[in-house]
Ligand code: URA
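Only one chain is shown below, in structure tokens, and it's the form predicted on its own.
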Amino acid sequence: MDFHTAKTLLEWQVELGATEAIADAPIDRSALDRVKPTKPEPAPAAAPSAPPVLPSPVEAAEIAVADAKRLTSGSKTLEELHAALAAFEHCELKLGARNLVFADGQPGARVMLLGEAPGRDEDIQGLPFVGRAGQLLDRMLGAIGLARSNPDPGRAVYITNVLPWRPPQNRDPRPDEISMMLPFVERHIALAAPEILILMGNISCQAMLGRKGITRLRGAWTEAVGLPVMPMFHPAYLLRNPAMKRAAWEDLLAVQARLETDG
């Protein structure tokens, strides 16, 4: 068969749909299935990189406190402290909160109140004590002639919390959260420069006094960060236990007497 004839026959088979050439001898396909193809030797695997070493919970807490101290040491004004707090990235509560709740009232007021943590209303508005408990607090302060909106430092109050971000489901702050916020709280008190500090509830007592048990602590003057301190029931507790309002009134009268004596 000459070249041109063979070429013509091949083209005709291609037009018919032939896609491969068939050998002259038959192939035993079942035998091929039993023959395992040889695989090329894989290249030596690179040594796995070591996983990153994460700090332990204790080390993470120490790092957070150290960073908080670094940020607060450079804060010379309340505005700078607010910015430093906003830049703090170690507290996971920040991720779930709507707003940073910094403070309300008059800086330089003779009385400063330290609460526990923002609730739902505070998280929405970005101000401390604005819900039902805050409304009760305003009435309590008004009964002894104090108000957060009063421009007179002698009749004003300044209010903040231990935690600036709302805990999920309003749970109590954890000890590590309190520890990392404490440098900010102490610096906040120093910059606000009150004469009297009122601790509202167990968490603020735990932060500033290292003790809990507000029923035992309330009504007795103590000291923290160089200031006279009065522990009191939190207004939210008073809403749940109206019978304790009498004790809260006694504590308010003690604060009023202290202001008049020292004024």
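A residue's number is simply how far along the shown sequence it sits, counting from 1. All values reported here derive from a predicted model rather than from experimental measurement.
From this point on, the text means the form predicted in complex with this ligand, which you will not see here.
Can you tell me which of 76 to 84, 112 to 120, 188 to 196, 92 to 100 lies within 4.5 Å of this ligand in the predicted complex, counting heavy atoms only? Looking at the other structure, the answer is 112 to 120.
Test of understanding: in the predicted complex, would Pro128 fall inside 4.5 Å of this ligand by heavy atoms? Because a heavy atom of Pro128 falls inside 4.5 Å of this ligand in the predicted complex, the answer is yes.
Hey, which residues along 149 to 188 are within 4.5 angstroms of this ligand in the predicted complex, non-hydrogen atoms only? If the 4.5 Å heavy-atom criterion is applied to this ligand in the predicted complex, 149 to 188 yields only Asn161.
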